[in-house]
Structures are given as structure tokens and as C-alpha cells.
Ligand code: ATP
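Just the one chain here, laid out as C-alpha cells, in the form predicted alone.
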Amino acid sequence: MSSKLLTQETVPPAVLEVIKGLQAGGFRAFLVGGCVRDMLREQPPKDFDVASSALPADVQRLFKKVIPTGIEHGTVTVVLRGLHVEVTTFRAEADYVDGRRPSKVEFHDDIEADLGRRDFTMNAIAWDPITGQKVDPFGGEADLHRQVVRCVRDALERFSEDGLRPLRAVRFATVLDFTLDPGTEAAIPKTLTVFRKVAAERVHQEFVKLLVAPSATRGLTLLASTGLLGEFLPEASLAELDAVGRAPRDEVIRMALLLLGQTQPREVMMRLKFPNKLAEDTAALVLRASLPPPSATDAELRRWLSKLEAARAAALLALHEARGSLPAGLRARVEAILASNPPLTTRQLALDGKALMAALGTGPSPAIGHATRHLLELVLEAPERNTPEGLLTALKAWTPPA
């Protein structure tokens, strides 16, 4: 498998300078992980990670500015020409005692030992951009060519070490549009007890990448069939998986589809560590998912928009379009109403609270709230009445509730 991007020209000069500096100091140094994987796939790398036989103290000695970002794990960051270059010592890891992190880290001078501790073969390739040497002891390049996600060595061992790896396997297969190696897929249900130990924040990060991928339906189906989905999102509606793939690549819309029918969608979103705003927007779509009937009048559509909040209308229409449940012509009618900018909230009334109190001859009181709601209902029915004069006339004819 050849790649036009696997050349020195693709690597930032500061990264090359760090590798040259390490090698001039008598150490081995390679680019590893995602950057090599991406270059082999003809994709521009997002970042460049360096693995070296140099210990952190060696790196600190060789370069002027070094930040000890993860020195206990062998990682330091070299700052050169304004670029931060992460350098990690070759390492092997002892037994994982909690399904999340190793009991200890052992530094090595062997690149193959370092690659052997990694999760998937496509992430276990090292490349020296100075000499062009490529180290690929587990067939990662061939797996990239076959578009297969496969664990390094034994999948049961890899997944038992770190419970997040099964979810990462499905995420990579989804985002890259690869298949899962049969042995890798078969190991997932057998290691769910380890997956349960993973922090919700880590699950969230992987799940969102999968959720907004073009082939999200396939990824969600894999999550369901391997048992992963039931572990962290048992509320997911399996009947909506196809609709998720048809929906816009938007977290709110796709999560709302998965949570249709739930009575406490916000609580589910918060458990999964989604931000408050996303949780609220998703819950609003789920709890107000019903559409007005095709026979609805314009006034009824305005009332629906007022309860939903107009800003969420586009998302709800997209949700129903993905499900195939959007009535013909409804989108055009809603968009036409929104384009006319009718008053849909009390804030858009032509009389504010101060003017209402003056008109009613009262201070702050429940009567003001009643009057505000009465006027909003009036202008939802007839937007043209939303003028100071029109609302004052309506107030004169209004009798406050007892």
C-alpha cells in the first residue's frame, strides 16, 4: 500500500527537527499511531506523535523547552518554533488491574514492544520520516488496505486491558467505513464487564464521533448486536436506527430519534455527559415531537411553533423527514409562517410589562401574567393585532380571571 502523503514533505519542519535531534542524540525515533494511519489512507494527519527510545530526562536534556505533560507515563512535550510536539518513550505495560489503566509502565528501547501494547493493527505502525523505515509487525498496513479493524494480537486480551477499546473498535469501523475483524467483533460481548468500568466521559467522546458519522446506522447496529449499546444507552429505540442514518449529522436530532418515546430524555442525556444545552434541546424535541395535522390552520401552526419554540422547528421537521413521517407541504407552510416573523412569544408583544401595568393601573401582580398570556393567544390567532393600539383595545374588552 503506497501513499503520496507518507513523505517528509507532509511532516511539519518542527516535527522533523525533533526526530532529527533525538536521532542525533543516539536514540531511535518514529512517528506512530494516528498520523501514520492517516497518511497511509491519503488523509492529512491531525497531529503528529513521536515515539522514541529516549527517556523523558534525555528529551529534556536535548531540547531547550520541554513541558513534562505526562512524565510518569514517559510523555513530554517539546516546544519548537511555536509547535508542541509530544514525545513518548517506547514502553510496554504491565497487567491492567482495573480495566482502564496499567498497574505500571515499563520503558523500552524496542519499537516493536511499544507497538505491541497498542489497540488496533492500523494504529500499531511506526514510520521514520528521515530514513523512510516503516515498522509494521502486526500487518496494520494490510488491514488498512483491506479496510478492517483488527486488534493487535489477541482481541480478548486487548479488550480486557482497557474497557473503552471495544467501543473504539466500533467507532473506527463506523467513522472509517471499515469492517470489524470477526475475532475482534466476537470478543466484544465477552468483555462487557470490563467496559462497564469505563468513565461516562470517555464513552461520550467515542459515542458522539460514531453518532454523527455518515454510516451511523451501521455503527449503532454493531453497538446493539455486540451488547455495547445496551450497556450505556438501553433506552435507545432500535426501530429508529435507519432514521438516524438519514437524519442530518447533528447530535441533537440523532439523539432525539434514539430517545423518541422516553419520558425523561434530559436525564438520559445528562447521564451520558452531554452538555446542558444539548440535553435541553434534545429533550424539547423528544417531548414535543408530535406534529400538527395536515389540516391545521395557520393559527394552529403558530400556536404549535410557540409551544415548541421556533428555533427548534427546523430540527423537528428534519427528524420527521428522516422517519418518513413529515406530511407533504408542512415544511413549506412552516417556513412561510416563520419568514413572516409573527409574534410567537410574550417578548414579541407590542406592549411590554411596564406598558401593561400602566394600562391596567396595577403593579406587578398575577393579573399581568394573565393579561400577557391573553394577548399572546390573541396575536397567535391574528398577528396583525400586535400593535400598541390593537393590544390596548383588546385589554379594554378583557375581563381578568377572578
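When you see a residue number, it is the position in the sequence shown, counting from 1. No experiment lies behind these values; they were computed from the predicted model shown.
Below: the form predicted together with ligand ATP, not depicted.
- Although the partner is absent here, K46 sits close enough that one of its heavy atoms falls within 4.5 Å of ligand ATP in the predicted bound form.
- Taking the partner from elsewhere, R168 is found to have a heavy atom lying within 4.5 Å of ligand ATP in the predicted bound form.
- With a 4.5 Å cutoff on heavy atoms, G33 counts as touching ligand ATP in the predicted bound form.
- In the predicted bound form, at least one heavy atom of K209 sits within 4.5 Å of a heavy atom of ligand ATP.
- Contact with ligand ATP in the predicted bound form, judged as any non-hydrogen atom within 4.5 angstroms, is confined among 254 to 262, 306 to 314, 118 to 126, 287 to 295 to 118 to 126.
- For the residues R202, K134, H320, R266, the 4.5 Å heavy atom test against ligand ATP in the predicted bound form is passed only by R202.
- This chain appears without its partner; in the predicted bound form, the one residue of D143, E240, D281, D162 with a heavy atom within 4.5 Å of ligand ATP is D162.
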